[in-house]
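Encoded as structure tokens, the following chain is the form predicted alone, with no partner shown.
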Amino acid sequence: MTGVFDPEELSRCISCGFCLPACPTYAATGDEASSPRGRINLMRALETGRLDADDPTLLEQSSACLGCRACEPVCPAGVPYGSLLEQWRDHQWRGRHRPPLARLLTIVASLPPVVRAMGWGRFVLPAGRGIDKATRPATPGTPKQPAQPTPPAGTGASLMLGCFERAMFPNVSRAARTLLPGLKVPDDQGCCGALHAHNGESTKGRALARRLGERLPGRIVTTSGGCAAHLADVIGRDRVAELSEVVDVSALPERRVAGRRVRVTLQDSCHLRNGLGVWREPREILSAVADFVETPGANECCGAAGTHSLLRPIESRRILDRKLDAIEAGGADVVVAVNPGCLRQLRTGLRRRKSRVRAVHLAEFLTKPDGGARTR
């Protein structure tokens, strides 16, 4: 035994195959090695020494997996596939096998001054709502506990700005603060570590999550589904809430365009849905203020998958193209995302097509009178 994997987690798979229909890479290739069951068999071969870490199939499949965790909700044995994938990449992506771009991104996100500088001058709050100095909680993050009832917005909760989100989509944080004006926004935030955990540095990723949990007081509200799932796994579900879990839409007006309600659809965040089980909440919010259209396959990965769209752009675009075909066929004005990576992926693809459909974040949709839609 090589000691790469948690033996209890690795032993849970019973090879039933329920995961195969849920796996986007298996659906695209029909190759058993590209399925969760096939990859777990590869993990077992690595663990027992039957395959060396330099084996080309191991190298390919550890990279080709989207890490969407769609296999987890359908698994009768409760295999924590996301955890196993992190352990696999920790071992597989060492030294020269680490994708250079993944290495660069994790280095950048590891430096709090750089992370803060990425959003400097862009995250400017309305007058009287300056960024708060951090008030650290008395105790650091705790192990997972049952989720507690959602407190009223702003009762000691903090807004997590995100690292790359604050540079790429600063309006998302502004919109979240408009929706929840009582949120604290401490200024010494760093990366939550999700990027590291998914790219071969899970130990560092967990350390960054714990550090962020110590720096942000109260419950942490995030506008990123991937960050929410990672943080909840490390510091406890009761400390973390995704935006759709805390927004009260009862006082929000309808989103209207051209004299009618906006037609809106949703692209799920894979980790938010498959990791935290949050998918009803954004749909209920959107249905309350607009005409919601469920897109077939909305629960399936859009191909962004963290760094996947950057490391394997051709495969990512194939997945995205099928997704955009379905979105455009549904006749929606707007597709809402609840994760910055998904938002970038959808927005880039729709602009490339010169589509009339707009991609916006949930927070922006709820603060724009027309939800960000283009008038026909």
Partner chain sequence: MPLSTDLFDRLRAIVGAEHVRHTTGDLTPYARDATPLFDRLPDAVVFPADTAEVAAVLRLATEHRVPVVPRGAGSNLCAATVALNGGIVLVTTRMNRIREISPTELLAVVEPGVTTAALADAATAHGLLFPPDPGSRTVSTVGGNVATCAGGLRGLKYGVTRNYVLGLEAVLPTGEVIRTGGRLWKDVAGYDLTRLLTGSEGTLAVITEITMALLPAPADTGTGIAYFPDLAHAGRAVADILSAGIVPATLEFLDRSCVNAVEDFADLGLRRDAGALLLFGDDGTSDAVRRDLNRMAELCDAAGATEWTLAEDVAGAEALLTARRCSLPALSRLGSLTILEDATVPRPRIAEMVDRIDAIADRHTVTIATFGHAGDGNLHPTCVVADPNDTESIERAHAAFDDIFRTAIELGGTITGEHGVGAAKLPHLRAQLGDDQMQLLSRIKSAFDPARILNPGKLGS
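Residue numbers count along the first chain shown, from 1. As the structure is a computational prediction, the values presented were derived from the model and not from experiment.
The form predicted in complex with the partner chain exists for this protein as well; it is not shown, and the discussion that follows is about that form.
- Site annotation in the model of the complex: the residue of T348, S63, T307, N41 reaching within 4.5 Å of the partner chain with a heavy atom is N41.
- Contact with the partner chain in the model of the complex, defined as a heavy atom within 4.5 Å, holds for exactly one of G277, G182, G78, P253, namely G78.
- Taken together, the three residues P186, T203 and A209 all stay farther than 4.5 Å from the partner chain in the model of the complex, as judged by their closest heavy atom.
- Although the partner is absent here, D54 lies well away from the partner chain in the model of the complex, with no heavy atom inside 4.5 Å.
- Contact annotation for A33: at least one heavy atom lies within 4.5 Å of the partner chain in the model of the complex.
- When contacts are judged by a 4.5 Å heavy atom cut-off, A167 does not count as touching the partner chain in the model of the complex.
- Using a 4.5 Å cutoff between non-hydrogen atoms, L311 does not count as a contact of the partner chain in the model of the complex.
- Heavy atoms within 4.5 Å of the partner chain in the model of the complex map, among the stretches 211 to 219, 190 to 198, 67 to 75, 287 to 295, onto 67 to 75 alone.
- Along 16 to 38, a non-hydrogen atom within 4.5 Å of the partner chain in the model of the complex is carried by C16, G17, F18, L20, P21, Y26, G30, D31, E32, A33, R37, G38, in order along the sequence.
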